[in-house]
Structures are given as C-alpha cells and as structure tokens.
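Before any questions on binding or motion, here is one chain by itself as structure tokens, the form predicted alone.
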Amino acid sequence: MGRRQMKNPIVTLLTDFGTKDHYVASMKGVILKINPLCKVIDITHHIHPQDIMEGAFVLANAFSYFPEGTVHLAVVDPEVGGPRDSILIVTDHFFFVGPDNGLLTLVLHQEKVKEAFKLTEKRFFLPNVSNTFHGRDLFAPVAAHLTLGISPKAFGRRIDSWKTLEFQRPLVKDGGMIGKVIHIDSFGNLVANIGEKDLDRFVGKLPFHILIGKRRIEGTQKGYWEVKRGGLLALIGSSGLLEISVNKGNAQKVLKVKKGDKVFVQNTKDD
C-alpha cells in the first residue's frame, strides 16, 4: 500500500457521540479538509456512552460489507487522554483506527491482522490535540491521511499485541445452556451470545424451549410472520445469534429485560 491515493477512499465512523452536538461534524470536517474526495459513511453514533462491548458488536456486524481498503474509524473511548494507546490495525482487507481498549475485539475474530501500529507520529495529528477529543484531533486526521495512500508504518511504532475484551460464550450446565443478552437494538430485539452453531450443537434435532425473563418460548421461528402480531418469538437474527423479539412490538419492554440478563435453553421433555 504505497503513496498512491486510494481510488475510491471511504472512511466509516462509529462513535458514542450522538448527533446532537458538534462532535461528529467536526470529525467529518477534519477528514474532508485533508482529503476532499473521501466518502465519509456513518455506521452509528448512538452506541450507549462508554459501552465498548456494544461498539465492538455493532462494528463487527457492519465492517465487512464495505469495499476492500475502507478505513474504519471507531471511537468509544472512556479513557480518552489517559494511559491507553491509540492504534492502527491493518488486516487483509481493511484499516482500523481507534483507541486500544478492546473495541476491535470482535472484528479481529473475523479478520487476520497483517500489521499493527501505535500512533505516535504527531505530524499526522492536528496541531493541538485535546485531552478529551482524540476523535477529532488524532483519529480523524490519521484516517484521512491513510486514504491519501500514506504507508501505515509512517504513523508510528509497530506493535504485536493489543487489548481484547472477553467475549463470554454460553455455558452448558446441569443439562441446559446458559447465555446472556449482549445487545438490545433500536427495535427492542434482545440479542444473546448464543450462536446458531452453539444452538445446533446443544439441541440437535430435539425439541427445546427458551426461558427469558418470566416467559417461555418454544423453539425458534424462521421469521416474524410465523407468530401473530404482538407474539413473542425466538429466531436466529442477521448477526447469526439468537434473538428474542416481539412481532411488531418491543421485546425489551414486554419482558422487562436488560443487557446481561440470562437466557436459558433447555431440551423439552415429555410431560
């Protein structure tokens, strides 16, 4: 990846900044000032404040649908201005820029790392770097300079390790599978840490039920249309994980469930 500008430069943004304030707009301004030909795409700016795991989940479900060479800039950064490093990770297909706090954990379950760097070269930052807004002053200019074809190694010192979050898999205990809600989307769908393969390995072709909150759901459905309006159902969602939903309703409100609450899968025995 030499000093030749990317043909169709794209930078994506994922943050917990919201869209009410100036934060996102100023990051976009920095990027476009450095490379006016760059396309800047919002993944989301509505990650719950400081929720690194939620940011990791959303990023992991979006990044791979972009063209090869896309620069993904992700900032969910509770320790901004503190001891955590700023990093650039280059994979076989993409660039990732952001804080070294585990935000890239789930992405790197899918992508092979080619090289990684601690961002230290201040010539690629804005002249005055705020202790509270590295998204604008550090990460945005680095992402923009990458789209100009500057070699990743120019941005800092090579590293061979980075922080990862523990992503807990479901447990099989006492004849049942125990998972938990790891994400709640804007429709109120409850996403569990139980993958389709986890479910298949545990239940096979046997009938099973799911316990969540104070409700019991019999097996999984293929889609929302298989239950009546307002009906509760479980299905494998677009992320490949078990989701609990309400047809034309909000499962979080119906079940009064929050992130971290348990999801139980049990084989159904004849009464």
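From 1 onward, residues are counted along the sequence shown. On a predicted model such as this, the values are computed, not experimentally measured, just so you know.
The following text describes the form predicted in complex with another copy of the chain, which does not appear among the structures shown.
Only one segment in the set 108-116, 172-180, 139-147, 75-83 has any non-hydrogen atom within 4.5 angstroms of another copy of the chain in the predicted complex, and it is 75-83. Within 4.5 Å of any heavy atom of another copy of the chain in the predicted complex lies no heavy atom of Phe167. Taking the partner from the other structure, another copy of the chain in the predicted complex has a heavy atom within 4.5 Å of a heavy atom of Leu32. Another copy of the chain is not drawn, but in the predicted complex it has no heavy atom within 4.5 Å of Thr220.
Using a 4.5 angstroms threshold between heavy atoms, Ser161 stays clear of another copy of the chain in the predicted complex. Contacts of stretch 161-196 with another copy of the chain in the predicted complex, defined by any heavy atom lying within 4.5 Å, are made by His183, Ile184, Asp185, Ser186, Phe187, listed in sequence order.
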